[in-house]
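Next comes just one chain, in structure tokens: the form predicted on its own.
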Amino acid sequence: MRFNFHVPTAVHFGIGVVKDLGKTVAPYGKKALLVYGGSSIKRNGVYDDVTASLKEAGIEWFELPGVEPNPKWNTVDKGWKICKENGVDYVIAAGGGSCVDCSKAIAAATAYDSSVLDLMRSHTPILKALPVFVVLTLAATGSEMDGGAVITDTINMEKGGVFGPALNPTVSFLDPSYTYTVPKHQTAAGTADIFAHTIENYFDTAKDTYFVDGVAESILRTCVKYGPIAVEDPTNEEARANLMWASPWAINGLIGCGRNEGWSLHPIQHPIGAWYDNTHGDGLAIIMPHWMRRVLNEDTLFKFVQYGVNVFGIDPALDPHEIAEKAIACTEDFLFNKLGIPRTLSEIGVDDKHLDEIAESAARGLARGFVPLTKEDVLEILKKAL
């Protein structure tokens, strides 16, 4: 086993921590770009908390509202131009993962004085960027503690990204109470996103990863236990706090240490999201059981057995094949019955018009998956999920 692990993001966790935002960012400069999505942060008080703290610290800020759920490249370019024109010192994301990703991309594009499209297409490792600070409002993507940002290229109809050590947020403020007003569907989809990130790391061919497997199983059990509670009881602090803390650890690199790290679900979902602009977590959840059945074989059976026993408590004395099938059934029950996520792609607006393009795009990233998949394999998964 060999790996490098470094997460430079500081985390302020707990109810009321955002009051420290202003004094935390002040040493980095006096001009900020505040990035957010719709009007929800103004309705739930997050905007007032953020701006009050900035005012108290004497911070001048400019605003970029209207970030899309799947942030688009031209929104990023609009943001970095604001930064350039006004001498902005850092970017503050107030929202969920889309806002955070957009803010990271803005920070990179500003530092490189370049359209984010150019950075995405050149696969430039991001070694410089404006500091990014995060006020999180949704437990889902884990972008509050990682070095990547996913952006939609509406010209080529695909999702790409910018990645590099400079994109790790400087400080993330995680207040569980800011997630109390998240709608049920977004809570469910966010939980599915955390779950999928963990599955991507966990289902791996490496067999000497006992410690990180245990951490991954803890994250999965956290989603199974607290996701349904948060959906039904949105102001349950224990559920919201546990999901909010589980989210970054699913994707900040820890549970990927020592693995081969060939992801499969995200390369399939990303082109779906680019074509149909639907909720990321929904797509991941719908694809997941079909992908599981496609990759289950004698060589991968061991992982499904481990998953079923350690995450869902299935009797280890059962036949291994029965455990694997029960584990997939438990996954479906969790995602579709307990969280209430739609079961089919057609329910989230996907039709059969672009399956070939989606499969072709997805297959380019699946050569190193848990089980390598071809375009034809992806088409089979998509048609069953439709």
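What you are looking at is a predicted structure, and each value in this text was computed from that prediction instead of being measured. Residues carry their position along the shown sequence, with the first being 1.
What comes next is about the form predicted in complex with 5,6-dihydroxy-NADP, which is not displayed.
Original post:
Which residue, V295, V224, C83, V182, has a heavy atom that falls within 4.5 Å of 5,6-dihydroxy-NADP in the model of the complex?
Top reply: Selected residue: V182.
Original post:
So which of K303, K159, R259, H290 gets a non-hydrogen atom within 4.5 Å of 5,6-dihydroxy-NADP in the model of the complex?
Top reply: Flagged contact: K159.
Original post:
With the cut-off set at 4.5 Å between non-hydrogen atoms, does T344 touch 5,6-dihydroxy-NADP in the model of the complex?
Top reply: T344: no contact with 5,6-dihydroxy-NADP in the model of the complex.
Original post:
Is G38 a contact residue for 5,6-dihydroxy-NADP in the model of the complex, using a 4.5 Å heavy atom cut-off?
Top reply: Answer yes; at least one heavy atom of G38 falls within 4.5 Å of 5,6-dihydroxy-NADP in the model of the complex.
Original post:
Given that the partner is absent here, does I219 sit within 4.5 Å of 5,6-dihydroxy-NADP in the model of the complex, heavy atoms only?
Top reply: No, no contact at 4.5 Å.
Original post:
Does 5,6-dihydroxy-NADP get within 4.5 angstroms of any non-hydrogen atom of P71 in the model of the complex?
Top reply: Result yes; P71 sits at the interface with 5,6-dihydroxy-NADP in the model of the complex.
Original post:
Pick from 295-303, 225-233, 309-317, 171-179: which stretch has a heavy atom within 4.5 Å of 5,6-dihydroxy-NADP in the model of the complex?
Top reply: Partner-contacting stretch among the options: 171-179.
Original post:
Judged by heavy atom distances of 4.5 Å or less, which residues of 110-140 approach 5,6-dihydroxy-NADP in the model of the complex?
Top reply: Contacts from 110-140: T137, L138, A140.
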